[in-house]
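Below you will find one chain, with nothing else, as structure tokens; this is the form predicted on its own, and questions on how it binds or moves follow later.
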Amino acid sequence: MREWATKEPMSMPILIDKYHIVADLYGIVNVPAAVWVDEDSKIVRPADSVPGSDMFRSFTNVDSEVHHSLLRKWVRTGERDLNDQQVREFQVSPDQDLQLARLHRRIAIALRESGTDADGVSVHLARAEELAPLDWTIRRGNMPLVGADPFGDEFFKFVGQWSQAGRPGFKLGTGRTDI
């Protein structure tokens, strides 16, 4: 990630959220994603899967134009598609297991960076996955840390498990639970 962000001079700030703190605070579970925040720093649309194009539409089943139209309408008229109550309803609060899983993942990353406890990294990553076996941020985020391709066979195996479980935890602002 850092190599990509520093390859060419960037004209905007780049956030590398290695501990997933911003993702956790805003409920982002996969990329691409967006959170709409108004000029008063109020969330007016919670984390949502928002592809910039239809390149992966056959996989995600998400039509990018739906989000683009909603965003244009909000920018041009100030009209949002969700009221405050709906925003709260669509936000997914983490349960105790998910919070503990995130903590184990952060510990693993800190240990990995320090280079002092390779066994501890594996133990904490495994514990995170045990606590949150269907969480995208944990499962997919762990893949490159253990040498697995986040677009490879292990990823698609995870997607299959997640789909069979009813696609939990991934709630789009449109009320759909299919990505």
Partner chain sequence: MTVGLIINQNGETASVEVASNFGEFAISLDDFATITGWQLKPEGLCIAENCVPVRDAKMLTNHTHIDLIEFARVTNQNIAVDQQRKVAALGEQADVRSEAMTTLDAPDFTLPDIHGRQVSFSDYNRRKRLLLAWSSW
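Computed from a predicted model, the values in this text were never measured in an experiment. Positions refer to the first chain, counted from 1.
There is also a form predicted in complex with its partner chain; it is not shown, and the following applies to it.
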| item | value |
| --- | --- |
| Full three-residue contact with its partner chain in the predicted bound form, heavy atom 4.5 Å, for Asp54, Leu134 and Gly147 | no |
| Contact flag, Asp119 vs its partner chain in the predicted bound form, heavy atom cut 4.5 Å | yes |
| Proximity of Val159 to its partner chain in the predicted bound form, heavy atoms at 4.5 Å | no |
| Proximity of Leu25 to its partner chain in the predicted bound form, heavy atoms at 4.5 Å | yes |
| Contact of Val37 with its partner chain in the predicted bound form (heavy atom, 4.5 Å) | yes |
| Residues in 98-112 close to its partner chain in the predicted bound form, defined by a heavy atom within 4.5 Å, in order | Gln99, Leu100, Leu103, His104, Arg106, Ile107, Ala110, Leu111 |
